[in-house]
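First, one chain by itself: the form predicted on its own, in structure tokens.
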Amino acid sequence: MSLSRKSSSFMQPFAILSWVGLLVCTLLYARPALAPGVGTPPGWLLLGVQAVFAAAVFLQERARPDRLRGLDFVGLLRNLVFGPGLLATVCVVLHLVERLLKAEMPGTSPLLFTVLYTVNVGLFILFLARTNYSWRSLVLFRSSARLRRIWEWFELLLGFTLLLSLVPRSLPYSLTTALLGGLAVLGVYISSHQKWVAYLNRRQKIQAVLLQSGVIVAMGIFAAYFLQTQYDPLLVAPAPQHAFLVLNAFFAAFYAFMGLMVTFFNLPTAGVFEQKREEILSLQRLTQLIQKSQTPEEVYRMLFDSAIQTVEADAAWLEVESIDNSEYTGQHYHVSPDQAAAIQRLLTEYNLGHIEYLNNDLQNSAGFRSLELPYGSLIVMPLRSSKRQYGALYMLKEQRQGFDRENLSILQTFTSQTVLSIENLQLMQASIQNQLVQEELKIASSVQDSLIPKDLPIDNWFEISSHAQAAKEVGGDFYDFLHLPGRRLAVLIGDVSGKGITAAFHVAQMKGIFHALMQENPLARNEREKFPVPSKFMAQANNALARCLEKAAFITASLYIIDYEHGGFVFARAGHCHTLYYHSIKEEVSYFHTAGLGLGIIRNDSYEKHIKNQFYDYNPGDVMVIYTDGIVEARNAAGEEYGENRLLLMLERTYYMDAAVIKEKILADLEEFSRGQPMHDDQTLLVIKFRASQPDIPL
């Protein structure tokens, strides 16, 4: 706690004690009969106690925190007037009432008169101290260090002068005059620094004038009171006491008067300052709308209200060109839609529809005169950016020469800020929409990832190794396995046209169709008819997809049903990539070139004609490579495709290896081929190698 705050804590009780001492001294001075044994105290003692009381009150007020809160200057004056000012004035009035009663009832004891008088002295000094430091808060508002030092000297000189007035012996006239003159000049200089007045609007300035007048009136009442009571026969007090009080009242009233004059002479300029202040606030509100993520309609309404208020338009309308089917197309203020439409038609005829336009004499303009409008001035301010036109703002005033170039400049600032706000909002909405899409893609990617089998079929009859990588967040490739009774395994691989969430959705559909159609048929006549052959599956899948695929969408797929008990497989190709196969007996690698049309391309019963089954008996050591087009269509820096031939050569080099090693060799060669190039399509690769030894292990 600072020294001043510490001193404030004990100054208040010290001031109360000194006032009690002043009351006792005054009572004994005026009524010595109250304490015959003590006698009449000397006048210097009474004045000394009063000086101590005054110093304690001023020091206590000086040590208090600044009473000014932010820019609440009116609040500071209001607290001064309706606080100690009103209380002290009421006490004076009560004293005057007491004196009136005394005049009507002469027998009344004068003791009450003396007590009230001393109470008023205490309240008056408190009022003076509060007024002094309220003025200090106002005068030193955003002041320089130099002015604050001058104030401290002025405060010290004022205190010395006031306390000196309590000295019974008068100083030489010339010294007194020089002292008071210097104090007055310094006070005038300090009082000329009233920056706080510039921060008041017109209403606040009027309030400040009234409150400062209240302070002057309160000081005047006190001065009249002390001047009148010093000759009262009931009161016996030293003459310097009255001189001290009157001098205090004079200085307080003087500074109140200076502040009043500054405020009063600033009243005519209040409108200009308010207009500038409103312009700044309107710009701030428009800027804040961007940060608050408001809608374009709210920004337009804010522009409209701010423009009318700032340029003080008598009528206005806003025309907004909507491109997103928004219901808000503008609004009108004190002008009918018919009048607005007539003005717009006229401006269009003159090719002035969407350019800045100022006309301060509509009555003498031939076209506007024919419209018989009750307005004399018009401003048209378009809302446009380098990319597009957003609309136009129209301001009207009844009087001629109602607008000036400054109004035009203000509206230019408002409309440019509004267009910037609208475009920022559009960017923000696009960004939010993009974030939503990204979130949806993440969910779709997670869903798609869950559709890819994590556990590959394990059996001593074959080896399977797989690889799948999407080119974007969500791909369209898929594969799946399903064990069938009778030592059979169904393998499905496919590719959905397109990418993104829609492709992921169709992958999920295809997986559901695969599991639904590959269910055992209880009405089957034999073991082989319990499950559809690949061509039948493709026909049924095409029929199911015809109801849910978009017109432009299709799916390529291949279904293999491997019967590893009998060493053969059957497959059908629905527009998918050719199957690469290594024949261990022939020791050659080749592709199965079979016919087949993609699912969803033909959506009727004729589709089944385009799908064929192909049967093949495999041998131990045979290798089957199935893949999607992202593998063979991968490109190098020269734009060349990886191709089926290079894939075939890779299998020729690696057929004797394990399925997982064959897959890694192919992928390594693919990466080396397309190094540094982006992946344009999803890549899926399955390698199935039939083993040479097939022990009898139960499934």
Partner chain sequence: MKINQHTTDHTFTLVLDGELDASSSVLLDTELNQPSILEYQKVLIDCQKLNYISSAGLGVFISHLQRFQDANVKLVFFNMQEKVHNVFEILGLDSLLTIVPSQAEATAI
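The structure presented is a predicted model; accordingly, all values stated were derived computationally and were not measured. Positions refer to the first chain, counted from 1.
Although it is not shown, the form predicted in complex with the partner chain is what the next lines describe.
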Checking a candidate spot here: are G330, N360 and K397 all in contact with the partner chain in the predicted complex (at least one heavy atom each within 4.5 Å)? no
Taking the partner chain as it sits in the predicted complex, is G181 in contact with it (heavy atom to heavy atom, 4.5 Å or less)? no
At 4.5 Å between heavy atoms, is A366 in contact with the partner chain in the predicted complex? no
Though only this chain appears here, would K665 touch the partner chain in the predicted complex if you measure heavy atom gaps against 4.5 Å? no
Contact label in the predicted complex: H193 to the partner chain, heavy atom within 4.5 Å: no
Of the candidate stretches 83 to 91, 481 to 489, 594 to 602, 423 to 431, the one with residues having heavy atoms within 4.5 Å of the partner chain in the predicted complex is 594 to 602
Between the options G391, P296, P534, G575, which residue brings a heavy atom to within 4.5 Å of the partner chain in the predicted complex? G575
Can you pick out, from G568, G220, G498, G512, the residue that has a heavy atom within 4.5 Å of the partner chain in the predicted complex? G498
Going by the partner chain in the predicted complex, which residues of 619 to 645 come within 4.5 Å of it through any heavy atom? E633, R635, E641, E644
